[in-house]
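Before any questions on binding or motion, here is one chain by itself as structure tokens, the form predicted on its own.
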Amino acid sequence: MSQPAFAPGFSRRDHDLVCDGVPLAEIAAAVGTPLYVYSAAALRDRYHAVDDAFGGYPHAVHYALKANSTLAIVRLLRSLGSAADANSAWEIEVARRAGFEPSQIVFTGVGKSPEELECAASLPLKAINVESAGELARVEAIAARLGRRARVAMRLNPDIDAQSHPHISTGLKINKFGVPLDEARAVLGTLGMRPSLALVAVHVHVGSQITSLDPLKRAAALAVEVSEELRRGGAPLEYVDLGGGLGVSYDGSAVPSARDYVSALVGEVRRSGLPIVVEPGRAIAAPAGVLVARVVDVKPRDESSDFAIIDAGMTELLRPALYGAFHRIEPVAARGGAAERRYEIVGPVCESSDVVGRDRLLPPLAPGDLVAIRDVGAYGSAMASNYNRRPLPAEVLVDEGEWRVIRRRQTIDDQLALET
């Protein structure tokens, strides 16, 4: 495939914001707003940055579908050599429809239902990442009934602070995820006597949007320590699963590079010789997507600022309302010459928390203008909802100068088709 003649992703051509050379205004005119637009070139670039950083060290990159499971995105990642990380039985099904073999899928999740465990135990998955002694026993019972040997990895709760937002921290004892270390050691010691279970790895994942390497290094060191204890006891472990969590720069501040991230992990694991599994989602998908919205109204807020009401809000992008997350917002067509104005960028949803961006300095906005909300390729469309009966937005993928709709805009008929 020829290399693109542009930097992958989103940039300005003259005054217009473009995706891999295609004007966003052109796509919005054809498809309407609100609208997700993804750069295939950026997805490739972000995936290869992680994969290539391992060099010759044995590893597998399992893209985390929870970040963005739109089928075309998942298929693109599979075509690059990615494996899959699923957080539900439904994500397992999406991964399989995207072309992944069960052996390329790890199944993670703190609350797997009996039906989900039945599905997982009946498939030759790479591993079921178990979250408790009780879940391990449930997997064991299903596997024994099916006459199978379930491949499992135990998720440790290492009591490590990921130094990120408390809503996306998963590695502290107060979090619901994983098995505390002392309990994990006791349970792991029983696996040699449980023929329906095959322990293939130890798993850690301490949080999301991590911008310091220290928590990731400490978690990796602990996973290796426990893995080595198990191997000395005769457990034939196949790899160590270090989860995901690498942050991205939403506001332009410095974050670790993929190379720094991988170097830190390999530095902790190399002495064991174990292959590494990582499960990035945000680090691959977030910068590869924007949400294009149209200004529908502008009205005074106070003496020095206005409300700019757009046709996208918490139903299309929940992160600002859920976490207070910051996303850069910019006009699709830049107006030069006029003094900037302070805006509260808000959505149309009947909630005061429906604020997309607070106190943003932007060129003057008017009804009909298009704005782009940046870095929404992860946890954007995946978290969208039908609150206020708003339809899920359309999604477009730009690839080598061409664009196509990969998910059409939902209609009210689509919503009501499930109801009686």
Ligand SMILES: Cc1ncc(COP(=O)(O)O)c(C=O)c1O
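Just count from 1 along the sequence shown to find any residue number. Being a predicted model, the structure only gives us computed values, none of them experimental.
The next section is about a form of this same protein that is not shown, the form predicted together with the named molecule.
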Wondering, does Tyr379 line up within 4.5 Å of the named molecule in the model of the complex on heavy atoms? yes
Determine whether any heavy atom of Leu199 comes within 4.5 Å of a heavy atom of the named molecule in the model of the complex, and answer yes or no. no
Contact with the named molecule in the model of the complex for Gly289, defined as at least one heavy atom pair within 4.5 Å: yes or no? no
When the contact criterion is heavy atoms within 4.5 Å, does Arg46 count as touching the named molecule in the model of the complex? no
Can you work out which of Ser208, Thr315, Asn157, Ser132 has a heavy atom no more than 4.5 Å from the named molecule in the model of the complex? Ser208
Which one of Ala220, Leu246, Ala127, Ala95 is close to the named molecule in the model of the complex, taking close to mean a heavy atom within 4.5 Å? Leu246
Thinking of Thr33, Ile310 and Gly347 as one candidate spot, does the named molecule come within 4.5 Å of a heavy atom in every one of them in the model of the complex? no
Which of 183-191, 280-288, 295-303, 220-228 lines the interface with the named molecule in the model of the complex (heavy atom within 4.5 Å): 280-288
Partner contacts for 55-86, taking the named molecule in the model of the complex and a 4.5 Å heavy atom cut-off: Ala64, Lys66, Asp85
